[in-house]
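Quick heads-up: it's one chain on its own, the form predicted on its own, in structure tokens.
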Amino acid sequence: MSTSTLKYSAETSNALLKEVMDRSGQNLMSCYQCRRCAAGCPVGDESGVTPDRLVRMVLLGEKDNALNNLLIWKCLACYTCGTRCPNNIQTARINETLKQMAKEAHIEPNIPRVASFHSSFVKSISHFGRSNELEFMALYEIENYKKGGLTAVKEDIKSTSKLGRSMLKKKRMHFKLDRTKGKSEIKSLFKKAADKRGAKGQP
């Protein structure tokens, strides 16, 4: 577990805190560092940062540390942190916000494969309103190819083939393209988000 000392930065604290709270919908000011979230986080030990420490980074204005840590990429979004928090702070939503901010700032992700998985999933949702395994996997392997060529694609298929066979046996993988009835509404939400980012000068 990381034991580095966090330092307050008045220059970035208020701006960072406001942006994260506005975008995540979470009141970070209500965190009093009881560390119940840390006790339940399944990836806190291996990521070196626990949810309470991440909140503290934002409160102190440590933007670089907040956008460059393993927790925002390893977070499982299991919501154990929010369930245990006496003030109902959902750190998973904070992680998602920081992940988006890191992407917008063109910061190289700590775990590129997770970043590829994330962007491919979101792109698949934007097309049909829900994730379809075939399209999702194709988009993901295209991302792998862009970053590591055929070798990366072969290695990924080899490492996940066992899981794929198991999913097929349990009928957890579907090959038809499912569409949601509210697809146009979802597309408009994606467009609205893109327009909002464009208005702020974000990619």
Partner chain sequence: MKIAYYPGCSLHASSKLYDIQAKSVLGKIGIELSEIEDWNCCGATSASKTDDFLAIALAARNLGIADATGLSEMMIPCSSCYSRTLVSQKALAGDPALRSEINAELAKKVEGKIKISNILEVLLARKKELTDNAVKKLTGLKPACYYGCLLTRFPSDMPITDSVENPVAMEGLLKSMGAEPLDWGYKTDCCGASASVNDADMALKLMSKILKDALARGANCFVTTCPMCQLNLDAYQDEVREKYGIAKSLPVYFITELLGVSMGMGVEQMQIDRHFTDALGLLRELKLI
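Here, rigid core means the biggest group of C-alpha atoms that superpose within 1.5 Å across both forms. Keep in mind that what you see is a predicted model, and the values were worked out from it rather than measured. Residue numbers count along the first chain shown, from 1.
This protein has a second form, the form predicted together with its partner chain, left out of what is shown; the following refers to that one.
Among the residues M29, C34, L163, I142, the one placing a heavy atom within 4.5 Å of its partner chain in the model of the complex is L163. When contacts are defined as a non-hydrogen atom within 4.5 Å, all of K74, T80 and A193 contact its partner chain in the model of the complex. In the model of the complex, its partner chain stays beyond 4.5 Å of every heavy atom belonging to L59. Its partner chain is not shown here, and in the model of the complex it never comes within 4.5 Å of any heavy atom of M21.
Though the partner is left out of this view, S13 does not reach within 4.5 Å of its partner chain in the model of the complex, counting heavy atoms only. Using a 4.5 Å cutoff between non-hydrogen atoms, R172 counts as a contact of its partner chain in the model of the complex. The partner is not shown here, but in the model of the complex the stretch 111-127 reaches within 4.5 angstroms of its partner chain through a heavy atom at I111, R113, V114, F117, H118, S119, F121, V122, I125. Core-superposed comparison between the shown form and the other one: the CA of G48 stays below a 2 Å shift. Relative to the superposed core, Y32 undergoes a Cα shift smaller than 2 Å between the shown form and the other one. Annotation for E185: C-alpha shift of 2 angstroms or more between the shown form and the other one, rigid core superposed.
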